[in-house]
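Just one chain follows, in the form predicted alone, and it is written as structure tokens.
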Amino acid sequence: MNLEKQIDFYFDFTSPYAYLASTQIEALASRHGYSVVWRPFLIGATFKFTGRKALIQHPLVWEYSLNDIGRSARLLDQAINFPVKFPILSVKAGRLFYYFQDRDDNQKTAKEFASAAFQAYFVEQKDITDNRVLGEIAAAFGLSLEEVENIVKSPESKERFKIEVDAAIERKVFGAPMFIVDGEMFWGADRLQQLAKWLETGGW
């Protein structure tokens, strides 16, 4: 893979803005001849060094954000039904993502799983911290519920995801979605237009 034509897409399954960005980033990148590497991590793991808190812990910001999330979804023509359980600790979905990536030695299935998990959480309002829900999603990719339960609790999967989260922090990723291309960081679904312009022009 030509790293000069690669976008790293950092996201957390609990982020509504990451969900919206996930519906756009592949087509955007393809138009400009770029590939996308999806990299789930945990936003909460960054709070200890950023001092930030979850949006829901800031009442005024949260009220604005709820309106903005819906407005952003309408602009992108994407369905969204805000989850009943929010926020969530998305470690299980993250572990499964990297399991699929490593199993297939590419990201095709992992990306399809991530898109299905986002759809389940932000459209169907399903709790993706529930093994049974993850089992329903993963069944389409050849896993049984028992296999899902074993994967999400295995020391290997836990360590694999921890390595990825630590690597994100090492790259100073502090929010989701975060896009990194040509050493430039673009934070937020509202930076997709800037990102597109960067890819089109080669940067400025």
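Not measured: the values here are computed from a predicted model. A residue's number is simply how far along the shown sequence it sits, counting from 1.
Keep in mind that the form predicted in complex with a further copy of the same chain is not shown, yet the notes after this line are about it.
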Of 24-32, 138-146, 43-51, 159-167, which is the one stretch near a further copy of the same chain in the predicted complex, taking non-hydrogen atoms within 4.5 angstroms as near?
43-51
Given a further copy of the same chain in the predicted complex, answer whether the residues E63, W187 and D190 all have a heavy atom inside 4.5 Å of it.
yes
Just one of K85, K108, R71, R132 has a heavy atom within 4.5 angstroms of a further copy of the same chain in the predicted complex, so which one?
R71
Taking 4.5 angstroms as the cut-off for heavy atoms, does K172 touch a further copy of the same chain in the predicted complex?
yes
Does a further copy of the same chain get within 4.5 angstroms of any non-hydrogen atom of N67 in the predicted complex?
yes
Interface membership of Y17, a further copy of the same chain in the predicted complex, 4.5 Å heavy atom rule
yes
Heavy atom to heavy atom, is L89 within 4.5 Å of a further copy of the same chain in the predicted complex?
no
